[in-house]
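Listed next as structure tokens is one chain, alone, in the form predicted on its own.
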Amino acid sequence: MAKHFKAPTGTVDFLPDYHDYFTFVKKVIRHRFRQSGFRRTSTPMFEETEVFLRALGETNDITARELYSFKDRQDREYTLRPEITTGIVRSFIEHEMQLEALPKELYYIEPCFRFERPNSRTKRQFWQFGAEVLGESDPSIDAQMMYLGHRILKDLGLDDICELKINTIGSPADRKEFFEALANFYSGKERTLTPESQEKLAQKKYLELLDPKSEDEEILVQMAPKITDFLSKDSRQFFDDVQEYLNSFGIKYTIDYSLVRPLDYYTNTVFEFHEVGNKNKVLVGGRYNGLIEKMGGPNLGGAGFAAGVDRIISLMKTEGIEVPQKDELQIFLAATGPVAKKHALPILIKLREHGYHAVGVLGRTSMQEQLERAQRFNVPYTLLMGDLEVKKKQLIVRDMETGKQVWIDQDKVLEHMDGLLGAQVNLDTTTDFLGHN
């Protein structure tokens, strides 16, 4: 017996029903980004492995356990991208975008790959969308990024089930004093930590300790020193300004002092939208003023956010959010016999060119079998043609719900169907779901 193949572990097939959601989400994303002056960019699906090691660090969890790395036939090390920001920053530097008008506002909708244990929320291949603003450090940008994330979630019907948490992790100089205080605080409390957190403490990954893994760790985080106690005047003012801008937008948010980013190039603002009532992240972001310089570019600011498309679609389905879709078939053209099929095929093409979603002129089956097929396609109308209709230069229009049918002249088919279904236009020129090209 031949082997039955399945999709690789951690991957899924995107079936047509899923693409209804995927298409809608992409249209919402594109509209909001373009409205805000962002332009779309794409980077290669794989980069030199050193690119990610430089950006993320060799001891980061992603680089330590989740990279899909390989050697090519010339023994060069490459890695499938686990995230998009690093590639965009590499592209920014390579193409000298700092010589153009700044800041550079870029967005993306791209697949990523991580070798992690797959479950209902994580996959080894997943789609991610996000935005990067490169070349400027301004609290108004951080606030605008949060507003943009909020607006996209609102467009998708998820704003009521997502809440915004914000924090600041200050500058590298602020964190140096903060880390010393954390080291003193956790000294002697190692037994209270999970083995994973004990390892983080030994590696001096202090920010990651603020993401508790147990109830005991949650209590310790509440008791531990806060980064806000170590902020410089400039860092404190930056965070205050971010909050003032958010308040002017009328966006609800909560300051969460345990909210951090484990990568050392992050500075100042960090934020995330997560599901109300749990810690499931939906959209995360922050400022990373150290990344461009760390990657070998000029000392310029950067900020961005990212979200998993698959997770968002899963949330929409859970919440019962339906999306419009334009793929429903409207007409089935049934033709029996070689003569009828030759006359019916140009009519089918004419219907499609006019803008209708039409299928038919399929196989060598009887009229009854084709009507049964039309029912499975769930079309509202079926057009019937046989040798008699060819001679009369007519065809039959059958209402699939009522069973009623009428004879019409073949050259009147577009006019008649427009009367039944409404005048159509070529779908290439129609506007998207939001009313924008």
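Numbering starts at 1 and follows the sequence shown. Owing to the predicted nature of the structure, the values given are computational and were not obtained by experimental measurement.
The protein also exists as the form predicted in complex with the RNA; that form is not presented, and the subsequent description refers to it.
Contact with the RNA in the predicted bound form, defined as any heavy atom within 4.5 Å, is confined among 179-187, 241-249, 75-83, 228-236 to 75-83. Shown here without its partner, the chain carries E66, R311 and L388, all of which come within 4.5 Å of the RNA in the predicted bound form through at least one heavy atom. Checking P262, P111, G337, G157 for any heavy atom within 4.5 Å of the RNA in the predicted bound form turns up a single hit: P262. V284 is the sole member of V284, L207, I93, L300 with a non-hydrogen atom lying within 4.5 angstroms of the RNA in the predicted bound form. Residue contact with the RNA in the predicted bound form: E116 places a heavy atom within 4.5 Å of it. Contact check for M367: a non-hydrogen atom falls within 4.5 Å of the RNA in the predicted bound form. Contact check for R376: a heavy atom falls within 4.5 Å of the RNA in the predicted bound form. In the predicted bound form, D411 stays away from the RNA, with no heavy atom inside 4.5 Å.
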